[in-house]
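Shown here is one chain on its own, the form predicted alone, set out as structure tokens.
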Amino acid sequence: MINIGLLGLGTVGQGVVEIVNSSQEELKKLVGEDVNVKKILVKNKDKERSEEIPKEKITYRVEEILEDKDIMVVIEATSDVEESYKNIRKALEQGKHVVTANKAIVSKYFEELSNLAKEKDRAFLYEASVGGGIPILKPLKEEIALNDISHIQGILNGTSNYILTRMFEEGLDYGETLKIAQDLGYAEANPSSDVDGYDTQRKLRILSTIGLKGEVKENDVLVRGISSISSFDVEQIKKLGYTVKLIGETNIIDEKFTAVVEPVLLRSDSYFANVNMAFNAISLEGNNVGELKFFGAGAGKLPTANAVLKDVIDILKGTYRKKNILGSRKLKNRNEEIKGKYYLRISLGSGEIPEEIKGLAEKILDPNFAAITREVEFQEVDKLLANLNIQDEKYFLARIQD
């Protein structure tokens, strides 16, 4: 029997238990033995739990999992960062394989944990950390063997995509749509990580580090979110024949790369414009394989748990990529070269729009003030808005992609 230790019994953890319990016959055919979730770490002693989870499997002490020599694989399925990082380190040091869905941990400690896994000759896998149920990281790891990846682009956050879809399809305002997303469980009580772009930043950092075969740090990725978008913006943008998506994008020429997360205006016939609600989509381009597109559920109990268990199966079958996928390529960040035309709306309440802002405009859409800028550098606009002390909530800026 193969024993698994599960850290966390939230949405993903419950999904793992559900799939393991319902797929015992299939799992045994795949790996040749019964697969058993032996221990499950929980924090809340008083919470009622499914009768399908025997009480003897529940523990409140992580040591019962990390120090159990019969447990071969540890699944980390919490939303915590620092405590879970320590537990992952300990698991690897104890000679256990580790699978996680926590993109914050993977992004923050990517190199350290990958190198530790290599040192201990154990797996550190994280397919579910990017794209939820979409198989993207394993295919990417396979493609970099014969390809130089030049372009990565994607809708990587289901919460933001859900909000934008409802706003554009139903004319709802941002606050109303966010409340609906929170009530449905798509958005957290504090949605900043999703709507301000930091969740996408972490996922793009992971994709880019693997795809470009060199380290791309979180702070190498410029970030602008969607939390200041208004129903007025939606009206203006629809009149122009566009929709808006929060896009993460990395490009590389020679050894110089750019990486940015930002709202993007897209024509209705473009690929990403038609990725709606909580779905994710990712596009990769390699010199030999050309363009590859991936689409699917970006979150959810069963899709995410399915991705976690596919990593577990790869470990049990010995089919995971054992070579450390971190490349040694020396990359130079050139974000200062990012430029384009932008939709810009500023709401100052009273007074004239500063002349410096008007100087950016190629076309005025509304005197109060919405405009299409001439081609400008991403950071030029940021610096100008900062110098004029225009707060984030007072403007919405989105790059136009034709």
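Take the two forms, find the largest set of C-alpha atoms that superpose within 1.5 Å, and that set is the rigid core. Numbering starts at 1 and follows the sequence shown. From a predicted model like this one, the values you see are computed outputs, not experimental measurements.
Separately, the form predicted in complex with a small molecule exists; it is not shown, and the next lines address it.
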- Query: Hey, with the small molecule in the model of the complex, do G158, Y186 and G298 all fall inside the 4.5 Å heavy atom range?
  - Reply: yes
- Message: Please determine whether K103 contacts the small molecule in the model of the complex, using a 4.5 Å cut-off between heavy atoms.
- Response: yes
- the small molecule contact in the model of the complex: D194, any heavy atom under 4.5 Å: yes
- Query: According to a 4.5 angstroms non-hydrogen atom cut-off, is K203 in contact with the small molecule in the model of the complex?
  - Reply: yes
- Within a 4.5 Å heavy atom cut-off, is E262 in contact with the small molecule in the model of the complex? no
- Message: Under a 4.5 angstroms heavy atom criterion, identify the one residue in E127, D233, D199, E76 near the small molecule in the model of the complex.
- Response: D199
- Message: To test your reading of this chain, name the stretch in 117-125, 172-180, 208-216, 186-194 whose heavy atoms come within 4.5 Å of the small molecule in the model of the complex.
- Response: 186-194
- Task: Indicate whether T319 shows a C-alpha shift of 2 Å or more between this form and the one not shown, with the rigid core used for the fit.
- Result: no
- Message: Does E188 move appreciably between this form and the one not shown, meaning a CA displacement of 2 Å or more on the superposed rigid core?
- Response: yes
